[in-house]
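Encoded as structure tokens, the following chain is the form predicted alone, with no partner shown.
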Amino acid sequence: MTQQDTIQLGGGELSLWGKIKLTIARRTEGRGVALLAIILTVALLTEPLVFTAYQVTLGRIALIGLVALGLTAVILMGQLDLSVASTLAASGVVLAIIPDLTLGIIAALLTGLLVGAINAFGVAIIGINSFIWTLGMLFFLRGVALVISNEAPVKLTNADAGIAFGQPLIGPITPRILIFILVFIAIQVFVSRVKMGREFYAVGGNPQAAKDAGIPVKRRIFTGFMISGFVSALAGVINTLERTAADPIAGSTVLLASFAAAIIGGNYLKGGRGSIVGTLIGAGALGVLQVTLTLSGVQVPVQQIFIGLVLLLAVTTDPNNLRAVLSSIRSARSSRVKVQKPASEPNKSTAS
């Protein structure tokens, strides 16, 4: 390479395609954007109705994305919250069993905050792995929801308010979609503009270094889990209002989809890397995929297979994983070459 070539590269003299690849490589959302483009293309060719049924498509994206946004706040710190689906179900049942709608909504949201605080206590104070603790909470909350609902859906006392809540406000924009947009803006501003939110990345990148730098790691973990619990409860409130009844086993498919949305969007499960925008892109991809499959007549169990495949694709195409695989291949090749060299040396001596 000549000095002139080096200067041109260093000065950023890249083609348009090169600039696009560089931008995608620098951003964690690159895989999500690529996957969203593929899914949109497939949907356009197979089920173009997806692009005209705005309310259905946006509503599905909002349901997946809402829970995924709360999850992202936890994932950025290198933690997991498997209890989000059960929090959604339990908070919905709490709302339905209280006759007064306003008090029911408040109680449901407080339930989410309480679950988040309990999860954070187990992880930050007791020191239990977040996967194990929140897995236990998943079963505990599911049991609570089944017990207080007598294992049956609980109808809202004020069903008319629930029906009115599900009606569009402006065009295809329903309250669910509007709330999702507002939550997205709030969490995006929090993790990108607020000091406390930006510290989530430091906690996820290196908890000990963050602690040494004066960041209250335990308090940040409490904040993240309480955000996740609150947003999951909010999703439960929305789901119950729109259905005018609370299902104690609701949200069973939301857990996989929300985690998939966060991972597809480029959020690193070990923490320290990711973005709220990426989660939005991942939720958009999965929402469009699910609506496309539903319109095509694909049953829900089969849809789960597709989501699982998309999740596996997202994980295997992670740049860190690809670099690890390439490194392993190079190491295997180099070790094989070293093993073959001693075998070839005696042949040379014999020939001489």
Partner chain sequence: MSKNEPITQINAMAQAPEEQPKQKSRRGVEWFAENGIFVFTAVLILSAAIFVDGFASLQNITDVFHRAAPIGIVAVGMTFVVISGNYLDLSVVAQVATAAVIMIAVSNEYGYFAAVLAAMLAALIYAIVNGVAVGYFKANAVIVTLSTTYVGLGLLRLLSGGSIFFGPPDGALAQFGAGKLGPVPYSALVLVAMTLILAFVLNRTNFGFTVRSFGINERATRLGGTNTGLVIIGAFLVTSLSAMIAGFVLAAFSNTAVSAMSTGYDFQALAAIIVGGTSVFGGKGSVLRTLLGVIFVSVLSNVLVLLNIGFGYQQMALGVLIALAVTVDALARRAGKK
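We call the rigid core whatever largest set of C-alpha positions still superposes within 1.5 Å between the two forms. Numbering follows the first chain given and starts at 1. Only a predicted model underlies this, so the values are computations on that prediction, with no experimental measurement involved.
The next section is about a form of this same protein that is not shown, the form predicted together with its partner chain.
- This chain lacks the partner; the member of I179, I98, L110, I132 within 4.5 angstroms of its partner chain in the model of the complex by a non-hydrogen atom is I132.
- Distance criterion of 4.5 Å from any heavy atom to its partner chain in the model of the complex singles out I128 from the list A117, I173, V277, I128.
- Picking from 251 to 259, 223 to 231, 277 to 285, 90 to 98 the stretch near its partner chain in the model of the complex, with a 4.5 Å limit on heavy atoms, gives 251 to 259.
- Contact between V147 and its partner chain in the model of the complex is found at the 4.5 Å heavy atom cutoff.
- Its partner chain in the model of the complex is not approached by A161, whose heavy atoms all lie more than 4.5 angstroms from it.
- Taking non-hydrogen atoms only, V183 never approaches its partner chain to within 4.5 angstroms in the model of the complex.
- When its partner chain is considered in the model of the complex, V217 lies well away from it, no heavy atom lying within 4.5 Å.
- After superposing the rigid core, the C-alpha of A62 moves by less than 2 Å between the shown form and the other one.
- Annotation for V310: C-alpha shift of 2 angstroms or more between the shown form and the other one, rigid core superposed.
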